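The form predicted alone is given below as one chain in structure tokens.
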Amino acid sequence: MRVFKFGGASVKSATAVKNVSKVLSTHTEAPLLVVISAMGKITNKMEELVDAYYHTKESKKNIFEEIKYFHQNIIAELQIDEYDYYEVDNLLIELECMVEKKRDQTSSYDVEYDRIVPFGELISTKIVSIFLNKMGYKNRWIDARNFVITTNKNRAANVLWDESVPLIKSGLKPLVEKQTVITQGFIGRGLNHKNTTLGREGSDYSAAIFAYALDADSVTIWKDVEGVMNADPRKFENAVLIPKLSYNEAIELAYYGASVIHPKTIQPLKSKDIPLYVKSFLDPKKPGTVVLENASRTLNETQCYIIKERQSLIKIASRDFSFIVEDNLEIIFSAFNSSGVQLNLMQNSAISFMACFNADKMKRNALVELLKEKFVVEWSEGYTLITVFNYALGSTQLPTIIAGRKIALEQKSSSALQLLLED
């Protein structure tokens, strides 16, 4: 039994959906669960819709129409007939009714986010499932929210393994053994029976959750790149493929922000020694990258360059001149957790604390509100975080990356150099 995951780029158009069909048609020798993301950049568009709905903006209707037209256009190109299309149409009608209703003023932004954004995955998987059946590739669509049970925390829910695993084993595994199952990544259901999401790019993690519970033989993540590269080939001309990674190395790269693998993906696979393959859906015959148990470091001296753009920098100092030690740090970290801000780099001295995180106006404002009474808080935007994994003095790439920009934060460990640069 295997698990495949296809991201948004792999289903961004009718042509792309047809290519997914071709890839799947060559893998019919074993039971298969297929996890699929929202199409193209639809998650971004869904987030725009949430923002417009939550803040009662006039743009709400136009954004919904863009989402509707995008999916209808793909359906038309795939020549899905009206009889089958109604399942997608029902989802679009449900979404439209949801955003047309007056918002509950007591509901938080994060709750509304998790009500609306999952429609991207639901619609995407419906379209792919219907098309595959039309082409003769028999499959069954299932709702991941019936199997991935989480905490009630919105936008960053934690999986409740003791609840999810028995459901997947008893309810989902028999279905996968009979025919290919198509399901969604990124989404789950809280104990309160309401939608939750696992964090942006969480579909990789969904694949790992299902693989763990199904005792899968392997997981394959299909990307628009050859495999795991030592740098983003769109930003580094000399980027090279990493053919093999240990679980621990993959965890480290994902932790530092390598976008090819979601940070939480590896641990469930490592615990059951399930190999992870990262391959190109554009050229499926290429070997790609395999991640598996390996006591030795497979990267050796290969340097990896990870770039996180659109970073915010926050500076925190105590108002009463007390040191930034355990008691103040407890308050600071509690505020980060409550506001849903995930730190990418942090540094503290005796009298101040500095950190960077992905720019998010609402989360930043919530964080500042929690801290401003006890601390002096300053923030600024317009930064890029560079991580050089396997950093060594004399790197020929580093001067080009820095290019004279001011370094706002710098941190070194035994395996990595991190620089926060002003844009």
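Residue numbers here begin at 1 and follow the sequence given. This is a predicted model, so every value here is computed, not measured.
What comes next is about the form predicted in complex with aspartic acid (ASP), which is not displayed.
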item	value
L49: touches aspartic acid (ASP) in the predicted complex, heavy atom cutoff 4.5 angstroms	no
Non-hydrogen atom contact S203 with aspartic acid (ASP) in the predicted complex at 4.5 angstroms	yes
Touches aspartic acid (ASP) in the predicted complex: N390 (any heavy atom, 4.5 Å)	no
F131: touches aspartic acid (ASP) in the predicted complex, heavy atom cutoff 4.5 angstroms	no
Single option in Y212, W222, F186, F119 placed near aspartic acid (ASP) in the predicted complex, where near means a heavy atom within 4.5 Å	F186
Among 268-276, 193-201, 321-329, 141-149, the region lying within 4.5 Å of aspartic acid (ASP) in the predicted complex by heavy atom distance	193-201
Aspartic acid (ASP) in the predicted complex - contacting residues of 9-38, heavy atom within 4.5 Å	S37, A38
